[in-house]
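Let's start with one chain on its own, the form predicted on its own, as structure tokens.
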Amino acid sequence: MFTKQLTGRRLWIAALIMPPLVFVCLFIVYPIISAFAYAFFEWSGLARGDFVWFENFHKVLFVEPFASRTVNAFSHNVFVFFALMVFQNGLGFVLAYFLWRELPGFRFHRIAVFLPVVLSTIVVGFLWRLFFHPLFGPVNAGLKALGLGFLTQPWLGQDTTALWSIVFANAWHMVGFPTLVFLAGMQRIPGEVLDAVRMETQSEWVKITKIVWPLVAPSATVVFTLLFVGAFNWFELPYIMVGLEGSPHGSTDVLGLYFYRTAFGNQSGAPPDFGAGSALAVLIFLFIAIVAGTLTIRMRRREIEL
């Protein structure tokens, strides 16, 4: 009887696990393996040609115009990562601290700060594209209403402000996620620790730097790692707000857009190159996996030291 129950339970667990496992293998594992395989072949449209070893990798890294485009897109991803680290995660930590201290209206703001996160990226992209419109956008209209008309800009139409504008839109969209993660970490701080700190000092800066920040280190590990992965997988928001070409003049081009144009062609008539696109995808995957893994390990060790 016990054996039959154990067998039935195993079958039930297998029935629950198999559908998501098949889904992951079909839509994640298989495409990754295919990209690795395609990267070592020459392609003519949809027709696979000869095995060319590492020629596609050499092309995207060292042959013009691919090399300069790769460096340009990669530099923008690096910029996005550090900008969001400061503005999105930094603001998220500050907001979490104020919510944790239960300042007036904190119950409402706990909900309000997370509302943009549940919005679709497509909705957010089109929303901020309208907000930044140079003629009737609310951003320029608000500046004029405040007597700051000299600050109005074609925000998405010039090299110096386009990428900053998309970063701002992303920070507005996702700041609620690090806020709630940090808030959850702060709520796990033992009350006796806080009571002891209050007896020693009333300085908020000392509390934050010496007590709160070290004790929310596990939350910081999660937030920073996810931000790194997201920053180097950036695609939807820049695609919606400025288009596939990374306009204007490539100033918003990132690796996701560059990969898509390379693999599937673009509006300017460039032919698709599955080999170079797959090589670029493999390089992006390996870079994210190695750096994210290293970042996680080092931050976990840092948690133990703290």
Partner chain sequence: MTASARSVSSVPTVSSNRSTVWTLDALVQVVLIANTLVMLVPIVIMVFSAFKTNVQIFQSPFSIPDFTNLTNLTKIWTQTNFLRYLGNSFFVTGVSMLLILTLGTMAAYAIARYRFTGSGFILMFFVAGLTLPLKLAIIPLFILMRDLGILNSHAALIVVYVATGLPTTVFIMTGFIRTLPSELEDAARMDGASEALIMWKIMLPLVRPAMVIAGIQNVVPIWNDFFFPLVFIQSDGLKTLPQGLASFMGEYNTDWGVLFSGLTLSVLPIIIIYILLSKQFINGMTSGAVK
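Model, not experiment: these values are computed from the prediction. Numbering follows the first chain given and starts at 1. Take the two forms, find the largest set of C-alpha atoms that superpose within 1.5 Å, and that set is the rigid core.
The form predicted in complex with the partner chain exists for this protein as well; it is not shown, and the discussion that follows is about that form.
- At least one heavy atom of residue 119 is located within 4.5 Å of the partner chain in the predicted bound form.
- Put simply, residue 104 is close to the partner chain in the predicted bound form: some heavy atom of it is within 4.5 Å.
- Proximity of residue 136 to the partner chain in the predicted bound form: non-hydrogen atoms within 4.5 Å are present.
- Interface membership of residue 56, defined by any non-hydrogen atom within 4.5 Å of the partner chain in the predicted bound form, is ruled out.
- Using a 4.5 angstroms heavy atom cutoff to the partner chain in the predicted bound form, all of 181, 184 and 264 count as contacting.
- A heavy atom within 4.5 Å of the partner chain in the predicted bound form is found for exactly one of 290, 11, 17, 297: 17.
- Within 4.5 angstroms of the partner chain in the predicted bound form, the stretch 159-195 places a non-hydrogen atom from each of 172, 175, 177, 180, 181, 184, 188, taken in sequence order.
- Relative to the superposed core, residue 20 undergoes a Cα shift of 2 Å or more between the shown form and the other one.
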